[in-house]
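Below you'll find only one chain, the form predicted on its own, shown as structure tokens.
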């Protein structure tokens, strides 16, 4: 019995001949000097900063009111004088020291809460409940309580910094752990990994992009909380920080020095982001192919 369906039409054979190298054209075009320079990340970033500085300088000179908006050159001069001859270096060291202590304590507590949440169902309920309660609460709102409990000093600052860091880092870390695929989890279990070893060798590498994002957010929250707390009650351990430096110069109507203190805060933030977090990101998640 023959098949009633029609056969497909026959296609003519096509033979592709190889082309000579001269007929292909330019395969790889050499980059110009401008393209090579603009492909460098730090060059583009510095260019943006220079453009912003030039706009600031031009607007300050156009306004001609140093009390409101001093020119960028005046701010840089005030920053240099406050660093070399003034108290800005000591104030910066005080703020950074308190920030590192509070940030380290907050990250350590976040690791404990996250480990409990991963290990037990009660830990998951505890972390989700505490995060829902305290994450929307501004850290600076706890400053009066901190002053009552710990007095006027570094412990109060550390307390509010820990609050600002803890919930952001714990929430991002736990969300990253929950996003780990079941395939990776079963692979780790097939190797006999349990408990801390399972978290360290399977969950943490797989969730490291989320963990790194939480560390960045926690750092930003901690830095803002510290400056705000120093602006509120100022001196800690006989030496104020950057927030107190800004507050003092605001009372003296030295706007250039106020902008110098704000510039110091921005410079520290840029250095931490560009040197520490970017290097960690390049050597981990980008090297592993987890992030473009």
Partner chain sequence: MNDTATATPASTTQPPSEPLLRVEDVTLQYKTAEHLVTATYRVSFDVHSADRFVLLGPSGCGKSTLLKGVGGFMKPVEGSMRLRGRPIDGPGPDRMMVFQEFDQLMPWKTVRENVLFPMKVSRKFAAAEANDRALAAIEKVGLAKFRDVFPHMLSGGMKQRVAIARAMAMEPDILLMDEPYAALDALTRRQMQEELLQLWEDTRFTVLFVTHSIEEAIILGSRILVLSPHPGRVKAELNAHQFTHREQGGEAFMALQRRIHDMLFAECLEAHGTPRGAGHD
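Residue numbers count along the first chain shown, from 1. A quick note: this is a predicted structure, and the numbers were derived from the prediction, not measured.
Keep in mind that the form predicted together with the partner chain is not shown, yet the notes after this line are about it.
*Asks:* Since exactly one of 155, 87, 205, 123 fits, which has a heavy atom within 4.5 Å of the partner chain in the predicted bound form?
*Replies:* Going through each option in turn, the one that passes is 205.
*Asks:* Just to be sure I understand the contacts: of 151, 192, 195, 136, which is the one whose heavy atoms reach within 4.5 angstroms of the partner chain in the predicted bound form?
*Replies:* By the 4.5 Å heavy-atom cutoff, the listed residue in contact is 192.
*Asks:* Taking heavy atoms only, is residue 93 within 4.5 angstroms of the partner chain in the predicted bound form?
*Replies:* The answer is no: residue 93 has no heavy atom within 4.5 Å of the partner chain.
*Asks:* May I ask you to check whether residue 5 falls inside a 4.5 Å heavy atom distance of the partner chain in the predicted bound form?
*Replies:* Residue 5 lies outside the contact set for the partner chain.
*Asks:* Taking the partner chain as it sits in the predicted bound form, is residue 186 in contact with it (heavy atom to heavy atom, 4.5 Å or less)?
*Replies:* Flag for residue 186 set to yes.
*Asks:* Report whether the minimum heavy atom distance between residue 181 and the partner chain in the predicted bound form is within 4.5 Å.
*Replies:* Taking the distances in the predicted bound form, the answer for residue 181 is yes, it comes within 4.5 Å of the partner chain.
*Asks:* Could you tell me which of 196-204, 168-176, 93-101, 210-218 sits within 4.5 Å of the partner chain in the predicted bound form, going by non-hydrogen atoms?
*Replies:* The contacting stretch here is 196-204.
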